[in-house]
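Have a look below at one chain only, the form predicted on its own, in structure tokens format.
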């Protein structure tokens, strides 16, 4: 199996972009741009109150129009990831509201959204048991694995597209999302490639936190 692209696209972020949010970030991965904001812990509504943990609510807003089935799917996947990394048991009977605003679709919106939310959670100061890094890759029609594909590559067609999310402790798999069908050996190779690429994202998080606190100390 050949690998066409061996690294992820350029990463950029700006934290605390919204004054009224507890945590926020403008995050770009190549030409893909999303803004994530965190509000909470807040008082939970009665129908959403959980006696043993915090309720996590995720809202995904597309660039144009109202949210549809695709957006609801992204919300569910991001929520699953957040429930894994947030120490929800420390804030029972409360809620946290996470909003993702799509600014520009340059490909791999799901992984960019997860990474943006992780940075926004860091900015908010909510207690986390680990960080998370999401990476997307696809298998094109020539059986080449393309890491972090741009929108043009995606539109050219593919046999399968994978999004994996890994934790920062032992790089264990937290989330796996697949579109398409390929042999298991190919799936395993794609996952290992994305796992190695996740180290780049974790390094980016560290640099982002260092930059933020360096500015605050000046």
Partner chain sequence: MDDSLSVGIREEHERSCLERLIDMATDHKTLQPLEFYKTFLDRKSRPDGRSLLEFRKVTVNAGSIGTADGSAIVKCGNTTVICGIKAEIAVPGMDEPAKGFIIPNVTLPPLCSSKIKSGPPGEAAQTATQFIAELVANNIILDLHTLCIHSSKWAWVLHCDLVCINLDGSLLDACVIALITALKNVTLPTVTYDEELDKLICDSDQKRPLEGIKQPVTSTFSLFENGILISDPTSEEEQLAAGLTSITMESTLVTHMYKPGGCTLDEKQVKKLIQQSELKAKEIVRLIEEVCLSSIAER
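Numbering follows the first chain given and starts at 1. Quick caveat, the model's predicted, so the values are computed rather than measured.
If you look for the form predicted together with its partner chain, you will not find it shown, but the lines that follow are about it.
*Asks:* Though its partner chain is not shown, can you say which of 151, 26, 50, 191 has a heavy atom within 4.5 Å of it in the predicted complex?
*Replies:* The residue from 151, 26, 50, 191 that makes the contact is 191.
*Asks:* 111, 88, 124, 81: which sits within 4.5 Å of its partner chain in the predicted complex by any heavy atom?
*Replies:* Exactly one residue meets the criterion: 81.
*Asks:* Look at the stretches 91-99, 116-124, 140-148, 69-77 and give the one with heavy atoms within 4.5 Å of its partner chain in the predicted complex.
*Replies:* Stretch with heavy atoms near the partner: 69-77.
*Asks:* Consider residue 179 of the chain shown here, and say whether it contacts its partner chain in the predicted complex, taking contact as heavy atoms within 4.5 Å.
*Replies:* Flag for residue 179 set to yes.
*Asks:* Quick one: does residue 39 come within 4.5 Å of its partner chain in the predicted complex, counting heavy atoms only?
*Replies:* Residue 39 lies outside the contact set for its partner chain.
*Asks:* Please determine whether residue 172 contacts its partner chain in the predicted complex, using a 4.5 Å cut-off between heavy atoms.
*Replies:* Yes.
*Asks:* Considering non-hydrogen atoms and a 4.5 Å limit, does its partner chain approach residue 195 in the predicted complex?
*Replies:* Yes, residue 195 lies within 4.5 Å of its partner chain in the predicted complex.
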